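First, one chain by itself in structure tokens, the form predicted alone.
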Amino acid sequence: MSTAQPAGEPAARGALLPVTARELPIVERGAGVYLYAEDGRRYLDGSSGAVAANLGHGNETIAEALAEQARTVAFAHRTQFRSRPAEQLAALVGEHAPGELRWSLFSSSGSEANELALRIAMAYWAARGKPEKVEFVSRSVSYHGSTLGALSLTGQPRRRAGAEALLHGFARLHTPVPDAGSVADLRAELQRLDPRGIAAVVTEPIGGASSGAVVPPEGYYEHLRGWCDAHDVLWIADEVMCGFGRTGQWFAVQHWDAVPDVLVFGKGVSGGYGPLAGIVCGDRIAEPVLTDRGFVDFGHTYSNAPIGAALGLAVVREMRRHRLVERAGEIGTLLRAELDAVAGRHPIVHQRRGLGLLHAIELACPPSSQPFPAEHGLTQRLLAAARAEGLLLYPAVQGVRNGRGDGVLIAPPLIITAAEVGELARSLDAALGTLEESLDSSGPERS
């Protein structure tokens, strides 16, 4: 990684800590589904960054809403003032959330929001006279954030590396493997748990980068919901990546007949235009906590801040005005067909999976369908080949194959057009061809 000062610029006393060993271009601007670098190159944002830029780039309506709120009042602490934008956003979240979920609390990031979900679950059980229920169960392949509670839930070893000494040893359920795993497997695993100390089971309704957009089998969440109800355990759905229209529903759990007790959201609620996330729960959770305490006495500095709430409000209104949730389902059908066609032309693509505009392709070694050795770095090589074609994708590495595997997420902004889907598919096709040529030339990597 180069750290040399650009020619003609004075040496700076301050510098950004590098977040990758790769050389990165400097982004100049964004417009629609494209990002432009200072060197003049244009990139199709095929993953919405980290599946966050759901409304694409350069949306003037969102920019004006942010500017107007900043001119009015950007910050007022939640313990000193109520905020009209926060209350209006909570009303809209409740309008679109599944079941009777209607009580929201906002934060700055998905990690923070997952922490809030853990806190409200423990507060609920304390109010119910069961303070011993402080344990959580998550899945073996999962990602819930980088703060310590959220990272404790995370089942992805590479995300936890270096922080294990700080983390809780929460129990794990196996992530339903795409071509294995079943409701019967879930039933057997749940039967082995002792629910007496468990506050909640936490799942990503549709997997993100950790698992590569894994969609559980039919009946999975209905069974989980029933087990939680029967054993006095809450269910927390982490929709930070898959919520707010990404899968063709406002929230991914709406693809099933099962409603969580607490739903966590982020990323898409701000469309990538600023830091915003939150939780929403129903009367069942809120009323015991409010009766016991009178209010929710936890949060973060920017919880319910006016400027963040105004951003979310503008994003939801734009989504409604342009029917972006419905479009995600409609254009997602086209994207799925294009990806399936591309996958059929490349033997190293083991599987395409996902819903709406959240998809992944998993790479495997033909003809065995076993993961490639990790040291060959197939995911990074595909990302580089795609970037050379002007396509940005997001890594989904070390997924469901027992902590092994390679793949990428394909999750373009919800505003993508049919023509742009075609461009995405052609660029991905070419990138996979480049990758396969490199494997053919090196020979042994296929075995």
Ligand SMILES: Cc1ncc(COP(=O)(O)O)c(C=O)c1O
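The first residue of the shown sequence is 1; numbering continues from there. Every value quoted in this text rests on a predicted model; they were computed, and no experiment measured them.
The same protein also has a form predicted in complex with this ligand, omitted here; what follows describes it.
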| property | result |
| --- | --- |
| Partner-proximal stretch of 139-147, 92-100, 343-351, 327-335 relative to this ligand in the predicted bound form, 4.5 angstroms, heavy atom | 139-147 |
| Site check S109, N114 and M241: each within 4.5 Å of this ligand in the predicted bound form by heavy atom | yes |
| Contact test in the predicted bound form: E362 vs this ligand, heavy atoms, 4.5 Å | no |
| Any non-hydrogen atom of D261 within 4.5 angstroms of this ligand in the predicted bound form | no |
| Residues from 252-267 in contact with this ligand (non-hydrogen atom within 4.5 Å) in the predicted bound form | K267 |
